[in-house]
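The chain below stands alone and is given in structure tokens; this is the form predicted alone.
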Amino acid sequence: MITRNAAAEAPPVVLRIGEVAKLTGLTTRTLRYWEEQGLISPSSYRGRGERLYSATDMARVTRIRDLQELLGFSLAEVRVVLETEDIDVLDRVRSEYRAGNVPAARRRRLLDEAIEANDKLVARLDVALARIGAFRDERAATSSRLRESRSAMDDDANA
């Protein structure tokens, strides 16, 4: 049986760039580009510059991918989200909470911090989704008007 201390002392998960790419469905080129843009940075490097990613790095890569694929954010918009204090709070709280040997009172405070930061992030996402919804509705209305104009032209041509 593994004790909590043994689990806390286990070596951290370290992934090479190819492994991260495979697990996330991205290319190594994408990961290098994101690094060039300052969106991610490997936790460490091994001889000859081999990039090594921690579980926290992997979570950030997944977050960037999700912001792009699920919400359609550009890299500039992703940067804004990542630079918000709430993301940093959530990452810090997650790391401290998982560190082990955290007293129950501190874990409660960490969870309260995480709840508050996550709620703020959800509120910002709701605003972004509302803007996306409004844009979509505008495009759908334009599509209807264009189809009506096209149909009217066809009717005039057939008359």
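All of these numbers come straight from a predicted model, not from anything done at the bench. When you see a residue number, it is the position in the sequence shown, counting from 1.
Although not depicted, the form predicted in complex with the DNA is the subject of the following passage.
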{"item": "Non-hydrogen atom within 4.5 angstroms of the DNA in the predicted bound form for each of T24, S54 and T62", "value": "no"}
{"item": "Heavy atom within 4.5 Å of the DNA in the predicted bound form - residue from D66, D126, E50, D112", "value": "E50"}
{"item": "Contact flag, L75 vs the DNA in the predicted bound form, heavy atom cut 4.5 Å", "value": "yes"}
{"item": "R29 within 4.5 Å of the DNA in the predicted bound form, heavy atoms", "value": "yes"}
{"item": "Residue contact check: V14 to the DNA in the predicted bound form, 4.5 Å heavy atom", "value": "no"}
{"item": "Listed range touching the DNA, judged in the predicted bound form by heavy atoms within 4.5 Å, from 86-94, 32-40, 126-134, 112-120", "value": "32-40"}
